[in-house]
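In the form predicted on its own, a lone chain appears below as structure tokens.
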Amino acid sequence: MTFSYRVRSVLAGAAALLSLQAQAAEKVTAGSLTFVSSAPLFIAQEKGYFAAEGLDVEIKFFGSAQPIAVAIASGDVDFGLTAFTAGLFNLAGKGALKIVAAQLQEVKGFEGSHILVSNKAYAEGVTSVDKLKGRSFALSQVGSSFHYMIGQLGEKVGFKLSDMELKPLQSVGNMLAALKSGQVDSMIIVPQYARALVNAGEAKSIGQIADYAPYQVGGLFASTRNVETRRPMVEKFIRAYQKGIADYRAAFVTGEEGREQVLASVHKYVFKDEDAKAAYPKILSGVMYIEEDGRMDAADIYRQVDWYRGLGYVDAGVKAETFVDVSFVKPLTQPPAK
């Protein structure tokens, strides 16, 4: 046997092995927004954490949170990573999905979503949150996280939802455009976009939601079908996601370990049309708090469901205990006693 033949045999064997491994990888789809808050998902993908678990993950992007929940219910995606909404809770209450881990949180002392007003509204005297009463407010959909945040803010500073002119604009892009043009007076948005608007002189920040109403903004969702019939796959996905969180926290929350590599991973999804010099500062400005291991504030999720139910946006029969699944990740706070 010649040396060249042996080399060809080894290479052929290696190629066959790689082909078998690729065929064996379990295909999974995940829905997300192109927000820095989804960074652990992007990191896990780019650093090979999903692949190491034997998962072939395809990330699909959406314009707002609500459609991701619908996509899980319809079977178009297996997982979702985004903010909680009334629509998501309704679908979960009907048995479509489970909340299995945390995404970002609004935490006092850590930059979070900004309360913005248009330049026009600011010039008219809307210079603090107590002056939002009677003004218009942009949100993606009724029952969205934006809806929840303005409701919580109002309760803290003394106005009701009925005091506001709520304008559902269907997507974050539409919200941003409406604020910049003065078509709406106010909105609440993650720092990734808030800082860009403020730095460009296109809006004013009058506070942060965490200073008034800290809460569990979003989570990682899995279809109930997958939790019940493909639990090992769900466990693998969560393990890879947790590794992404660990890298995110090391780079942005607790220090700067591996920051350049993490920024490079996130940049492939966030501000990807800009060069690194322009994009990296924007990514850093969008960093928000994510709890270690994706531990969720389960008690707060129960409160959110109750709030939406009280307004009629969540059906009366929807119970958080049927879909807040703390069996995968130890929660930050326990669900309330039944």
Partner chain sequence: MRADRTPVTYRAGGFSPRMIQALGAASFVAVIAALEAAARLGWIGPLSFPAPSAIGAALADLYRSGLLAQHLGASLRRLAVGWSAGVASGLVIGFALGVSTFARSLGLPWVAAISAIPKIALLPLFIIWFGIGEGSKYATIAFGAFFPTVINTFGGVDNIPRNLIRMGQSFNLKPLSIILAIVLPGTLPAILSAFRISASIGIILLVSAEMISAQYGIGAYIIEQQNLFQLDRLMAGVVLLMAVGLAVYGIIAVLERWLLRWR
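Between two forms, the rigid core is the largest collection of C-alphas that superpose within 1.5 Å. No experiment lies behind these values; they were computed from the predicted model shown. Residue numbers count along the first chain shown, from 1.
If you look for the form predicted in complex with the partner chain, you will not find it shown, but the lines that follow are about it.
- Residues 107, 117 and 194 are none of them found to lie within 4.5 Å of the partner chain in the model of the complex, as judged by heavy atom distances.
- With the partner omitted from this view, the residue of 226, 265, 152, 90 that lies near the partner chain in the model of the complex is 90 [heavy atom within 4.5 Å].
- Only one of 169, 234, 209, 121 lies close to the partner chain in the model of the complex, with a heavy atom inside 4.5 Å, and it is 169.
- Put simply, residue 183 is close to the partner chain in the model of the complex: some heavy atom of it is within 4.5 Å.
- Within this chain, residue 279 is remote from the site of the partner chain in the model of the complex, having no heavy atom within 4.5 Å.
- Within this chain, residue 310 is remote from the site of the partner chain in the model of the complex, having no heavy atom within 4.5 Å.
- Using a 4.5 angstroms threshold between heavy atoms, residue 174 counts as touching the partner chain in the model of the complex.
- Looking at 252 to 260, 210 to 218, 196 to 204, 91 to 99, the stretch with residues near the partner chain in the model of the complex, meaning non-hydrogen atoms within 4.5 angstroms, turns out to be 91 to 99.
- For the stretch 131 to 153, the set of residues having any non-hydrogen atom within 4.5 angstroms of the partner chain in the model of the complex comprises 141, 142, 143, in sequence order.
- Relative to the superposed core, residue 105 undergoes a C-alpha shift smaller than 2 Å between this form and the one not shown.
- Annotation: Cα of residue 74 displaced by less than 2 Å between this form and the one not shown, core superposition.
- Core-superposed comparison between this form and the one not shown: the CA of residue 222 stays below a 2 Å shift.
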